[in-house]
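Here's a solo chain for you in structure tokens, the form predicted on its own.
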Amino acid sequence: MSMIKTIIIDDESHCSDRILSLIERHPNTFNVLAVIDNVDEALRLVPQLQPELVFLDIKIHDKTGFDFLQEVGSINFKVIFTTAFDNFAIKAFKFSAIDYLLKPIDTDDFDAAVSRLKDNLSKQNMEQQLQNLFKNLKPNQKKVITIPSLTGFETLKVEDIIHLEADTSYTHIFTKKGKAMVSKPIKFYEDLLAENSFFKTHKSHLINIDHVKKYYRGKQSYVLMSNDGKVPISVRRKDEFLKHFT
């Protein structure tokens, strides 16, 4: 693998220095073309330098990394956002499967991001993922999640997800169009979808309340979903589940 042509965009020098020090721990991996501290210079230099990777801060003086991405034109590079804690933006990153690093950047988090980068550098369509990110950043916008596939990634409307089922460290996602398997634990989606009408009925099952068709009580209660899938409800989750319908 050739060295990754890299640009760092951050208005805080100690943050850029931190990224540079972490990069030094990965010899023969990154070729740092420039360190830029403002959006205007980034808009001028990035098209010229043609990086493959940009570490991009969210807040850059009076502008944002999102401003840069919307003005730069064609995005033929991978983006890893760097940010202090911003719950709303981080949620949008997770929905869009876009990598981010929380400041101050932890060494293990950086190493994990590098590992993911090496696996996915050539497979992902960053421009499409960023379009999903911009949608997910808009308040009251219908959410879209991005899931990896063998050839790249796939997008799913959250409202079309019917239920999810754990399979060890994988998750099966059932939608109106069929089923997809993702190499993430169901806990990831439980956290991601908690504010979107999803309810955990069982340690291995998460359902979209809006897709519940029928409820069957008994020793082993279960629900029939809109795709006719049967999903069990554990005894200890039953009362909380029924509150959604009273």
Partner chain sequence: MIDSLENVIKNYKSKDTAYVNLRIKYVARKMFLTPTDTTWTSYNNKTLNISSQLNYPKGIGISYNNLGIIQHYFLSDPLQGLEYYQKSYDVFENEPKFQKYVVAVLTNIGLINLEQQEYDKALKSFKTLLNNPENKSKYNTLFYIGNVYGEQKKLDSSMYYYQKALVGAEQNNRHIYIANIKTNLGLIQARAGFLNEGLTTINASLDLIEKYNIEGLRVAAYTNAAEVYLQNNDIEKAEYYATNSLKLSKSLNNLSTENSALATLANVYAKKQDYKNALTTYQKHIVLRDSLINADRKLDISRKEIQYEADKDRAISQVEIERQKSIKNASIIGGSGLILASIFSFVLYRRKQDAISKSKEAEFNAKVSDTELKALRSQMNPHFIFNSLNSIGDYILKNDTESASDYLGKFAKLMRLTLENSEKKEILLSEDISLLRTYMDIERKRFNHKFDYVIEIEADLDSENILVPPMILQPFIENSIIHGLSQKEELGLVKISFKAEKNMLICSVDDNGIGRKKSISSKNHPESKSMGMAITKSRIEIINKLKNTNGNVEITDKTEGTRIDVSLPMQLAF
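Bear in mind the structure is a predicted one, so any value in this text is a computation, not a measurement. Residue numbers count along the first chain shown, from 1.
As for the form predicted together with its partner chain, it is not shown, yet the points below apply to it.
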{"query": "Contact assignment for its partner chain in the predicted complex, among Asn76, Ser149, Thr107, Gln141, heavy atom within 4.5 Å", "finding": "Thr107"}
{"query": "In the predicted complex, the one of Arg217, Lys179, Lys187, Lys214 near its partner chain [non-hydrogen atom within 4.5 angstroms]", "finding": "Lys187"}
{"query": "Answer range among 107 to 115, 133 to 141, 151 to 159, 67 to 75 for contact with its partner chain, defined in the predicted complex as heavy atoms within 4.5 Å", "finding": "107 to 115"}
{"query": "Lys230, heavy atom within 4.5 angstroms of its partner chain in the predicted complex", "finding": "no"}
{"query": "Distance check, Lys91 to its partner chain in the predicted complex, heavy atom within 4.5 Å", "finding": "no"}
{"query": "Close approach of His202 to its partner chain in the predicted complex, 4.5 Å, heavy atom", "finding": "yes"}
{"query": "Partner proximity in the predicted complex: His172 to its partner chain, non-hydrogen atom cutoff 4.5 Å", "finding": "no"}
{"query": "Within 24 to 38, the residues that have a heavy atom no more than 4.5 Å from its partner chain in the predicted complex", "finding": "Arg25"}
